[in-house]
Every structure is written in C-alpha cells, then in structure tokens.
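Single chain ahead, by itself, as structure tokens, in the form predicted on its own.
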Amino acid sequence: MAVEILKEKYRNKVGEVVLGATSDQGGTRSHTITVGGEEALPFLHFEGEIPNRPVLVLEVWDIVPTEWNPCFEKHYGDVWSDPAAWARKCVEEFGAEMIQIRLKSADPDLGDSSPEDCAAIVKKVLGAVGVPLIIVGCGKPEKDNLIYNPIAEAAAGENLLLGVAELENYKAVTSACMANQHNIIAQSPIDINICKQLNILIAEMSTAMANRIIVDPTIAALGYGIEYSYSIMERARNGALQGDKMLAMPMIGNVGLEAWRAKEANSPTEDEPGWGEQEERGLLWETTTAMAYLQSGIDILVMRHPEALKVIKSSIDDLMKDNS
C-alpha cells in the first residue's frame, strides 16, 4: 500500500540576496553567490525548493589574532600578518567560499587604524581573491561609524556584505550601503522582535535595502545558549515562510567566533586530560555548533578552523541531495 507523505504548505519564501559582482556587473569578483530563496524548512526538499546551499566562510583579521587559541598558528601562522595572503590561503588551500574581513586594527584600544587604512586593506584583499567579501568593523560603534563610508566607497561596485547594523547604530552603515550598492548585516541580540524592528527601520531608509539585508540574530555556541539562539532562528524562518516579509531574509552566524570562546574548546589538554586532545575537542565544538545551526535555517556560516569547514562542507553536500 502506498504511503502518502504529508506536506506542509507555506505562503511565502525566504528572499534571495546576491553577494559580489563580476566585471560585467561593475565589480571584480570571479563569480557571485546567491543566498536564501528557501521555500520550506531546512533541507525538506520534498516540501519545497531549496535553491541555494548554505555558504561556508572563513574569517580573516587585519592584525595578528593574539587572542586565538595557539592551535591555529600551524594553520594560519605563516600568513596572519598579511590579510591578503591569509585570505588567499583560506580560498585556495582550505576551500572557503567567501572571506569575512574583521577590521580589528581599527579598535582604538589596539591599532586605531584610520578609515583610509581600513579601506586600503579591503582593496588589497579584493585584489588577492576572487570570492565575494564580508566586511565587519572592530566592534566599537563610534569608530566603526567612521570607517563604513570610506570602505563602501573604496569597494563601490563590488556588492560587499557590510556590517554590522544594530538597533542603536544602524544609520551610518545603512547610508554607506545605500550610496554604494552594498548589502548589509542587521544584527539583533537574540530577540525576534528587535530583529524585525531593525529590518523595518533599515527598509524605511530605503525600500531597495529590504532586499539587501542579511540577518545576524547573534548566535551562541554549544553549551552557552545554543538552544535559545536556535529557537529564535527557527521562529524567524517559520515567520518568513508564513508570510512575514520583515523576517524573510537570509541569516548569518559567526560560528567560529562563538565556538572558540568556550572553555571546552580552549582548555589545554594537561588541564583537562579527561576531555581529550584540545584541538580535536575545539574542532568538534565548532563543528557541532555549526551542524545545529544548519538545521535552524542558517544561510551563511562564518567558520574559523579549516578542518571544521571541511566537515561541514561534506555534511552540506549530503543535506542538499534531494532524495524525495
């Protein structure tokens, strides 16, 4: 007897956002990447089309990341004083599909790099790799507000993903993206209402920006609130599919950053011998965190460990197979 598979019917789909621009489009990227477009919950191919696979990104800092675990030195130590070389290695050797440049040197407590210096770094990385780029500031809003415009102007035509925009501090980065045709990261503090409100405010500045928003709901790592973060992303995706256009945006998460904050990922083997080898443990912490968020509907995963990226890429290959 044939078994009837019950299928959920949805009224809407997630919007698509194109990242990067080729020479024909006014940029210098070798190709573009499209995210979003899901017509069903994650990887339920029998219920709707999942046209674009999740994108794997490796993060690159513009200064040596002294706060990273020492295990990363063997992977990046030969290039992490040169962000362009670092980005090239991530793409050519480790298979990153995009690069996220964190302009940490702009932090007034670190290098306090000028806006012009930050723009020059972005231009240098653009010349080193052909993949689309994500550019984020140092995390200090007062300084980040000063660097958005110079970066956006220096990379005009490249269709960057630029951020982050927050509820208290969204106008500067939104204006820079509007003037130079870039996409924007809208970051909210694990709160579905603030997420929606921020998207509305950005769209009110320019209706065209509504189709250029990537939502960062601020994720948490395994063991540090992942369940709550997951539930927020799940609610956003359900809201999008049920017709809420102010939640129908692709999502991004800084998986590597959050996973490698956990003591379980960083504690030396000699301090916690029962936990296993430190690097393998950290790699698994990042991989497990990423796998959970794949099931929440995340579209862009910013990773840190190249082996974790490799594992997740293989998992995405399997999940994208339509066996219906």
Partner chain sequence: MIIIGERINGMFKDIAQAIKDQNPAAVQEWARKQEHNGAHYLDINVGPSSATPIEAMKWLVEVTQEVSDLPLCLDSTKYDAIEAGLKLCKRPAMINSVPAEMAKMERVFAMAAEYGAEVVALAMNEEGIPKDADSRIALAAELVATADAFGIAPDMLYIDPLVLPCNVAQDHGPEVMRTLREIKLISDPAPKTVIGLSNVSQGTKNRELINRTFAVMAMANGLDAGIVDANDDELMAAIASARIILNMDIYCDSYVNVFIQRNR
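Positions refer to the first chain, counted from 1. Here the structure is a predicted model, which is why all the values come from computation and not from measurement.
Quick note: we don't show the form predicted together with the partner chain, though the next part is all about it.
Among residues of the shown chain, Asp244 is one whose heavy atoms approach the partner chain to within 4.5 Å in the model of the complex. Though the partner is left out of this view, Arg88 does not reach within 4.5 Å of the partner chain in the model of the complex, counting heavy atoms only.
Taking the partner from elsewhere, Ala179 is found to have every heavy atom lying beyond 4.5 Å of the partner chain in the model of the complex. In the model of the complex, the partner chain stays beyond 4.5 Å of every heavy atom belonging to Lys123.
Of the candidate stretches 145 to 153, 130 to 138, 88 to 96, 190 to 198, only 190 to 198 has residues with heavy atoms within 4.5 Å of the partner chain in the model of the complex.
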